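The chain below stands alone and is given as structure tokens, in the form predicted on its own.
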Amino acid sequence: MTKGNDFMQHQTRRDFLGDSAKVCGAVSLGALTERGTAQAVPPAMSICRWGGVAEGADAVKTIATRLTEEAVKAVGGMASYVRQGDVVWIKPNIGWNRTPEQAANTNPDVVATLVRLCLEAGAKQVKVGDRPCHPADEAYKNSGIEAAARAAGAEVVLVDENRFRDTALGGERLKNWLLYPEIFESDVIIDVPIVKHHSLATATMCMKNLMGVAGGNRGQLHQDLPNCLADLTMFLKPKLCVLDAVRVMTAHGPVGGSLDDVKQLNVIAAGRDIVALDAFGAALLGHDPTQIETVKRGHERGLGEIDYKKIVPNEMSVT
């Protein structure tokens, strides 16, 4: 099993007592089914690139939907991550009052597709939410995520600033921090960032996207961002990450605004290794992942593989 992948297997209190005894005897054999039998572990990462033809007003929607479906399928399918009766929190980037074309937020059709896949896998409830930097009502609406997620069957949650709770993380840098309990108490967290430039972190992908779970003065986290993100990731343990690179922001992030800073790459990657996904996202932006401090520190802390090619991602062209 690839180094660092174990941390992605998020386990709730409901699961712990029933599964602990089984894990000891079966971890070397692969993942456990709900009945406790061993099954093959799916690939840790997939990379899907659009190779088809899509034209007209719905071209991007078609591309985003098909890529997301195939990327999740290539890492075992949503049923490998979501069980019957689970409550799922999908955590996109909804930080900014920007349209999908401006690539500051996660593509709404990627989010909607994940909502549908979770419900098809048996989720009892799928929630979608973030703590935006711009006014939440504007960011949720103009990103397109609110309407798309609701149409797919999700509960769209406007995060209540009064509900953040001081939480013991026990991290190297973050011993405690204000977190939104409704998110980390969900059975499954799915982390769905967009790939984009970030003026302070150079690039923002999966690990950086988890800052949307945090309350308080998040500017303080930037004083030691690599370790703070590693601490958040180790605590939250997202079960699945889906990296949106249908459109990417190449400059003036994280807010952006100019279409000159947007490039349509038509790529979706998914999987359990959050560092490998972030390394791949950094490479898409033209960076050496070993020079991105957040990615480098995640690897050093044992959260995943910085050389994403080592884990042999399942790569494919989608039509």
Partner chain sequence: MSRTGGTGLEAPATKRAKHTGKKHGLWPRSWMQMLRRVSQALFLGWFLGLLFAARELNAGDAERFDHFFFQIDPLIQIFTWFSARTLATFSLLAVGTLLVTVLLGRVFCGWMCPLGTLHHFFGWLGTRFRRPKDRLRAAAWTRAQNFKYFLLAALLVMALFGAHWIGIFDPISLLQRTFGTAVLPALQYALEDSSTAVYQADPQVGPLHATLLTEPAYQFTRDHVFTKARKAFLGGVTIFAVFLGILGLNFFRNRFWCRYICPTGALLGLFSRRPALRLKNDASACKQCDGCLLVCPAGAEPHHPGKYLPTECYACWNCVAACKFETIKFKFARPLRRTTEAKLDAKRRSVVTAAAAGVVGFLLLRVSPQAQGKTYNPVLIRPPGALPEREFLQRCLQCGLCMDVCPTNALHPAWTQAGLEGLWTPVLVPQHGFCEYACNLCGKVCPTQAIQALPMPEKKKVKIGMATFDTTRCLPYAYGRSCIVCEEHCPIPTKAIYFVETEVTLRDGAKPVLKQPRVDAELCIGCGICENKCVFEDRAAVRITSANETRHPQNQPILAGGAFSSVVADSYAP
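Residue numbers count along the first chain shown, from 1. Please read these numbers as outputs of a predicted model, since none were measured by experiment.
Not on display, but discussed next: the form predicted together with the partner chain.
Asker: Taking the partner chain as it sits in the predicted bound form, is residue 79 near enough to touch it, meaning that at least one heavy atom pair lies within 4.5 angstroms?
Answerer: Flag for residue 79 set to no.
Asker: Is residue 290 near the partner chain? Define near as a heavy atom within 4.5 Å, in the predicted bound form.
Answerer: No, residue 290 stays farther than 4.5 Å from the partner chain in the predicted bound form.
Asker: Taking the partner chain as it sits in the predicted bound form, is residue 147 near enough to touch it, meaning that at least one heavy atom pair lies within 4.5 angstroms?
Answerer: No, no contact at 4.5 Å.
Asker: Is residue 247 close enough to touch the partner chain in the predicted bound form, meaning at least one heavy atom pair within 4.5 Å?
Answerer: It does not: once the partner chain is placed as it appears in the predicted bound form, residue 247 has no heavy atom within 4.5 Å of it.
Asker: Even though the partner chain is not shown here, does it sit in the predicted bound form so that 134, 208 and 255 each have a heavy atom within 4.5 Å?
Answerer: Yes, each of 134, 208 and 255 comes within 4.5 Å of the partner chain in the predicted bound form.
Asker: Considering 173, 73, 124, 127, which brings a non-hydrogen atom within 4.5 Å of the partner chain in the predicted bound form?
Answerer: Filtering the options by heavy-atom distance leaves 173.
Asker: Tell me, please, which stretch of 103 to 111, 229 to 237, 79 to 87, 137 to 145 lies within 4.5 angstroms of the partner chain in the predicted bound form when heavy atoms are compared?
Answerer: The contacting stretch here is 137 to 145.
Asker: Who in 175 to 207 is close to the partner chain in the predicted bound form, meaning a heavy atom within 4.5 Å?
Answerer: Residues within 4.5 Å: 181, 198, 199, 200.
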